[in-house]
Every structure is written in C-alpha cells, then in structure tokens.
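Here's a solo chain for you in structure tokens, the form predicted on its own.
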Amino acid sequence: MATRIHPLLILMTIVVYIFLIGPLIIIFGASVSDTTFLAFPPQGLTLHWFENIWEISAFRRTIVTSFQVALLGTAMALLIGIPAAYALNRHRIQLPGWLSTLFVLPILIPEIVIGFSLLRSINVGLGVPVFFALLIGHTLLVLPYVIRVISASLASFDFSIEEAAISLGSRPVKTFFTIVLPNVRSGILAAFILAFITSINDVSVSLFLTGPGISTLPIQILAHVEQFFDPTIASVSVLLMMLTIIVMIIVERTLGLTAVTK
C-alpha cells in the first residue's frame, strides 16, 4: 500500500526549493536583461553584460588574481593540512587534546579580526608584498577546513594496514604515499573543493589585505557596485555559479558525490 504524502509536507518542500532556487533565477534573469540597470523580470534579452566583464580590465585582472590566490592557497593548505590531519589521527593518544583545537581557531575567530591582525602584523609590520600577504591570509583561512575534512576521512581508516606494511619492510614514507593517501583520496578532493570555493569567495580577509594594483574578484565586485548599478555584477555572479556547477560535475564524473561525502 502506497504511503500518502501530507499536502503540507509537499507545500513546505516547494517553499524550500523556491527559497533556494529563486535567487539564482533572479540573478540569471538580471544578467541577460537588455537594460543599463539591474532589472527583473528581464526587459529584453542580451549577452552584452557577459562580454562587458572581459572588456573591463579590472575584472580580467582580479579574476586571474583570485584564481592564483585560491589555487596556491589551497595547495599550501593541503601541504600543511594533510600531515597535520595524519598526525592528529595517527598519534591522537600521544598528542595533547588542545592541539586539534588550535587548528580550528581561524574558524572560531571572526574573519574581520583575522584580516585586521594580518594587516597589522604582515603588511605593515613585516612589509610583506600584497600578493604574498593575500596568499598567507587565504592559506590560514582555509587550513581548518582542510584539516577537519581530511581528519574525518582518516577517522575511518584502519591504521593497522599501515603498520602491517611497515612490518613487512615498507618504508614509512612510501607506506604513507602508497597506502594512506590513496585511501583518503576522496577526503582530499572534498577538502580541495571546499577550500577553493571558500577562498575564491572570501571578502572579509581580502578586504584588509588587498592593495594598489592587486585585488580579488569579490572586492572588485564591491568596488564596481559602489559606482555602477548595471547587470555586469549579475553576469559575474552567474559565471561563479557556473564554475561551481562545473566543479561538481567533474567530481561526479570522476569519483561520484557519494564517494566525496564518505
């Protein structure tokens, strides 16, 4: 006998979907509007505002900078986070409990405080160039996510397999790369995706660490909104949404979303 779904549950489901998808539809509609201002429903259809993104040199420059900072920052976070997560799980008995909390502090502390602190200590105090200060800031920002996600993946790994390989003559470093890492590959990929998306969309930290000639895409969007109210901003938002969709499709085709969430 089929179970009858209560109409109220169906209504709530529809409301949730409208709440989630509605803003995306509005942004997409505004991005193709043939007007010089943001408007929904769109008044005419055009792709001019997507072309306008590449005609503005500031957008071209900040898109490249954002991708560079996000990729390099995520790579540095993985280089630090993978060994840290491995040590926290492999030697959890010997290591003090507060050590794992130390790596989560950037999540607990407001990003504005982190950005201002890095501005005073790195930019002003040490005179670090703007790009490298941005790189350090984004690495610190995404490092807790990397450690948490990879730690969750390592929590289900049986370290007796690693010990068995070492007891049979395999070197510890070789065992780590040939046995441990392949078993947490989905966790590393999930950490990369989360860190990359967090970095490329960051505003608070980047707002303090950007400087003359070097900025990120979210900061450039804010600067553009202060002077213009055209659909270019909506077009940039659509491109960022498409980037996220493409990344998720690649993950689904290569590993599958269920593998990443394990």
Partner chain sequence: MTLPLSIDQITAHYGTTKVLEDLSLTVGDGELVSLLGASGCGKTTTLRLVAGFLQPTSGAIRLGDKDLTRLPAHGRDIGLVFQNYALFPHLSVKNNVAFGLKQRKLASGERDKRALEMLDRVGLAHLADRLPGELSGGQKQRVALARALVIEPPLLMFDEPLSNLDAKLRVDMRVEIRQLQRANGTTALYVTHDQEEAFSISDRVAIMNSGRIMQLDTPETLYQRPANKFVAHFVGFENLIDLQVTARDGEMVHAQTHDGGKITLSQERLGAIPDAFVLATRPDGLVVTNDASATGLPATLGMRTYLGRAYQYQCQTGAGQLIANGSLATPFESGAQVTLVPNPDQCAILQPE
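Residue numbers count along the first chain shown, from 1. Since this is a predicted model, take the numbers as computed values, not measurements.
Heads up, the form predicted together with its partner chain isn't pictured, but that's what we're talking about next.
- Contact annotation: R120 falls outside 4.5 Å of its partner chain in the model of the complex, judged by heavy atom distances.
- Using a 4.5 Å cutoff between non-hydrogen atoms, I80 does not count as a contact of its partner chain in the model of the complex.
- Contact between N183 and its partner chain in the model of the complex is found at the 4.5 Å heavy atom cutoff.
- Heavy atoms of I109 never reach within 4.5 Å of its partner chain in the model of the complex, leaving it off the interface.
- Of the residues I114, I179, V104, L71, just one reaches its partner chain in the model of the complex with a heavy atom at 4.5 Å or closer; this is I179.
- For the options A87, A155, I161, L126, the one in contact with its partner chain in the model of the complex, meaning a heavy atom within 4.5 Å, is I161.
- Proximity to its partner chain in the model of the complex, taken as heavy atoms within 4.5 Å, picks out 163-171 from the listed stretches 132-140, 163-171, 71-79, 145-153.
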